[in-house]
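First come two forms of one protein chain, each written alone as structure tokens, so that there is a structure 1 and a structure 2.
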Structure 1
């Protein structure tokens, strides 16, 4: 039901853009007003969430580690799994952000005949997440050509490499295949894996279905339902220069794509997709583990009256002796 609700919600969004963009003034609403509103919500929401996280007190070093911490000179430490310096933290964060290093070592638990609980590697999740994130990043970079004139050379180079297979006209792009397959796998995993299925919420299904809608509408616009690309670029250049103009005859499929992107931007700060920024502010990742080398004192500690064991025993000695409990002082 959670997946069905997410699917129905995205279908309703598509129908709204389809019929709404064809009405009087609908093109300006879906082409200018809603994108500006979505960008505003995205920027304000991300800034709010980042500032809220940044204000959270972190008095102690709490990095997660999978290796030996640096201590005595004759004990070999792990610089990446348990970094003790800024260089080690930067290297660890780079591998985490670019290669999903911790997800690469993720394991799964299965019940085999016996019954026996067996732990094993789960590289498909790592591969699906890596394919989605890198493909989505390349697709975003490719879209940069709609906002600049002339188009930078590195953008043209990325598009040439992406269409290296030279299948069809226009060429079939590798990232279109990879991002669609990765999203389908990540969504199917929430049905086929019993452990993941039982903890999946609407907040887990809806972003995946919405992203599938964005990608599918973009693929349909490129290969099946042609749009006026010069008109699309004119609209994009007008939006970026704060002088928006909606050319006629762009096509409903473009407004569906743009509306879904706008919904994604507006929804982003309130969703789990904010892990994109949260990874950089996580004290379990961005702190060096120097607990054995440096004494960290909580700066917010204040004097409190404590009740020592000696005072406790003095208060309850007779009761403890009557109950047969050992006491230090007779």
Structure 2
């Protein structure tokens, strides 16, 4: 039901762009106004959420320690899995961000006949996530050919590496296959695995379907319903240089693609996709385990008003003397 809702929502978005972009006013709406609105929402939304997270105090170091802590010199410590210094933290974060190291440790629990509970390693989620994220990054970088003039050499390098297999014209790109396959796997996983299925919400299905829509419309545009690319670049460069023009004769498949990307950008800050920024702000990953070696002072400690004995005696000396109590100073 949740999956169906997401699917229907994306189909409606596609139909909106398809029929909406037909007139010249519609083309301006879907080609200029909505992309501008979407990118504004994206940037402001991401900055807002990061600043909101930054207001949360981190009074104590809470890294997940997966190895021996640094302590006495003859005990071998684990620098990556229990970092004690900035270098260790940077290395741990880099492996986490670039290689999804914690996902690599993903396990699954299964009840086998017996009944016996069996834990096993499950690398497919890691593989699917890695394939999706890296392909998506390469695809994003490839799109810079629409936003730069002259196109930098490394962008062309990426594209020619991507088309290495030289299958067909225009060349089949490896990332197109990888990203579609990975997204289909990640979505299928939410149906086939009962535990994952029951905890999947619309907020889990919708981004996957939306991304599938973006990827499918892009693939269709490259291989099947081709559009006038120089005209598309004119539009993109106009948007970038704040001088937007909508050249005539761009096929509606382009507006479908652009609208889905706009929806993705606008939806991004409000969704789980914010893990893009969140991964850098994960206290269980980005803190060095220095709880025992360094004194950490709670940032919300307020100054405690102290009344010392000397002050107390100054205040009550006369009364104390009168009552016959001993005092330290006469």
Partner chain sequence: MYDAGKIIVGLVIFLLLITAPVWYNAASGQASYAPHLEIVTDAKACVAPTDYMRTSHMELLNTWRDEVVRHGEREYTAFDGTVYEKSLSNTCMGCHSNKAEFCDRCHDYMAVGRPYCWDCHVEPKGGSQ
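We call the rigid core whatever largest set of C-alpha positions still superposes within 1.5 Å between the two forms. Residue numbers count along the first chain shown, from 1. Remember, predicted model here, so these are calculated numbers, not experimental data.
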(request) Working through the pair one at a time, identify the form predicted alone and give its number. (result) 1
(request) Would you kindly determine whether residue 84 and residue 130 are assigned to the same rigid part between structure 1 and structure 2? (result) yes
(message) How many degrees of rotation separate the smaller rigid part's two orientations between structure 1 and structure 2 when the larger part is superposed on C-alpha atoms?
(response) 69
(request) Keeping the rigid core fixed, work out how far the Cα of residue 301 travels between structure 1 and structure 2, to one decimal in Å. (result) 3.5
